[in-house]
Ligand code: SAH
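Taking the form predicted on its own, here's one chain by itself in C-alpha cells.
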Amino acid sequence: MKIYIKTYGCQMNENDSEVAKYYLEIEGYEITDDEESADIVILNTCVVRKKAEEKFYSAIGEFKKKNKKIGIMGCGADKEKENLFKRGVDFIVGTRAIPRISEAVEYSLKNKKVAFFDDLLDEIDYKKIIKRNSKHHAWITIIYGCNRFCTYCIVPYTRGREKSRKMEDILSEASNLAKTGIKEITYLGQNVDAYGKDLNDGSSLAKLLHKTAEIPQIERIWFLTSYPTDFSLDIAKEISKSNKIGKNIHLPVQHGSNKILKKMNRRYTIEEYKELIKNIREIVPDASITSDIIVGFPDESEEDFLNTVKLVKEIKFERLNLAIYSPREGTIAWKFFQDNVPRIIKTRRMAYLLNLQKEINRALNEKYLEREVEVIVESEGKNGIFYGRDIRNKIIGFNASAEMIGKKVLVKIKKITAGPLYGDIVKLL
C-alpha cells in the first residue's frame, strides 16, 4: 500500500510530515514521492492565508478525480474538522494527533471515515524518528502552539496553546540525528522564544542553544520564529559566543505604526522593537535581522504605512517577508474589523515596500563582494548552480557537484544581486 504525503506551509508542517512518515512506515506502509502510483494521498495543510487554504481545497478536488483515498493533516484539519468530510475526504488527523495516522489509514481502507484530534504529543518518541528528508539538515520542533492571539492569526486556534518539549528529549533527538550524519538543525516553534516557560524547570531557548552547540557533529544551529516580547538577550549572548549558532534572527515586526500594532494585539511598541534591535546589534554586531510585515491591515492610513516605510529604512532588514492582509475566518480581525483598505491601495503599498527592500538588499549585499565565507552546500538549483547558506543565512550560489551536498566549503563572492550572492569555491573545509 503506497502513500503520498503533500506538504503545504511552514517548516513545522515539514517536520510533522516526517513524523507521520515514521508512524506509517513502522506499520508497513510504503511512502512514495510519486502521487500517481499512490493508493492514498495525505495533504498536510496550511491555512495561515486564504491562498494556502485554497491550494489544498483544489488538491482535494484533483485527487478525488483520480479516485485516491484522501487524508487531511495540518492546520486545515484543526480549523475545518469534520466539515472536511463534505468535500469527500476519507480521514482527518489534527496537528497533535499524528501518532494515530496509521489507525486513520486503516479505517479508511475499511471505508470508515474517522477524525482524530487527541493531544498525543507526549507519546511521540522523537529519538526513533531519525529519517529526514535531507541527509544533512533536520527540522526539530521544540514548542507547539502559540499563546499570543494576534488578531489576524488563525494559528492559536489550529495549533493550540504553547507546549514545550523536555530539553533532555530534544537534545537526545539532536544527538541521535548527528550520529546519522545530520550537520545542521533548525529548532522550530510558532513562538520559539517562549520555549521552556511552561515547563517551570529553568529550560530556555538560550540554554538549549548552548547545550546543542556542545554536540561535536553539529556544525550549524538555527531557530524559527521569534516574537519580540519573548526574545531574550541571553539568546543573543549565546549567538555571540558560538561559531555554530546562526547569526540570523527572524523577528517579525508586522507593522511600523503603534496604532496598527495595538489593533493587531502585538504586545509591543515600535520604540520597544527598535530598542530590542539596538541591543541585539550591540551584542551581535554582524547579526542578520529579518522580519515579516503585513500591508493593508484594517484602518491602515497613509500615515501608518509611511511609518512602516520609515521603520524599514531605519532598521535595514536583511530580508522581508511581505504579505497583503486578507481576513482569516475565525480570527478576531475577521469577526470585528472591517477590511476597509482598498485592494488597489494594498497593492500599491506592497509594490513600494518590495522595491524599497530590493534596494536595501542590494546595498547590504555589496559588503559581501570579494569576501570569503563558509557555506554548507544544500541543494542544486534549476540552473545547475548549487546553493547553500553562510552563518548569516545569506543564500549563495556556486558551481559544485552532488557529492558535495552537506559539506562545508569556503566560497569567494564574485557577483552581487538583490537576492542570492554568487561566487567560486576556494576550498573544501
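Computed from a prediction, not measured in an experiment: that's the story for all the values here. Quick note: we count residues from 1 along the sequence shown, nothing fancier.
Absent from the display: the form predicted in complex with this ligand. The rest refers to it.
Q: For this ligand, considered in the predicted bound form: do all three of Trp139, Glu168 and Thr212 come within 4.5 Å of it, counting heavy atoms only?
A: No, because Trp139, Glu168 and Thr212 lack any heavy atom that approaches this ligand to within 4.5 Å in the predicted bound form.
Q: Among 269 to 277, 145 to 153, 302 to 310, 338 to 346, mark the stretch whose residues have heavy atoms within 4.5 Å of this ligand in the predicted bound form.
A: Selected range: 145 to 153.
Q: Scan Thr229, Asn258, Ser172, Ser326 and let me know which has any heavy atom within 4.5 Å of this ligand in the predicted bound form.
A: Filtering the options by heavy-atom distance leaves Ser326.
Q: State the residue from Gln254, Gln357, Ser203, Asn248 whose non-hydrogen atoms include one within 4.5 Å of this ligand in the predicted bound form.
A: Partner contact (heavy atom, 4.5 Å) among the options: Gln254.
Q: Using 4.5 Å between non-hydrogen atoms, is Arg49 touching this ligand in the predicted bound form?
A: Answer yes; at least one heavy atom of Arg49 falls within 4.5 Å of this ligand in the predicted bound form.
Q: Within a 4.5 Å heavy atom cut-off, is Asp292 in contact with this ligand in the predicted bound form?
A: Yes, contact at 4.5 Å.
Q: At 4.5 Å between heavy atoms, is Ser164 in contact with this ligand in the predicted bound form?
A: No, Ser164 is distant from the partner.
Q: Taking this ligand as it sits in the predicted bound form, is Gln190 near enough to touch it, meaning that at least one heavy atom pair lies within 4.5 angstroms?
A: Gln190: contacts this ligand in the predicted bound form.
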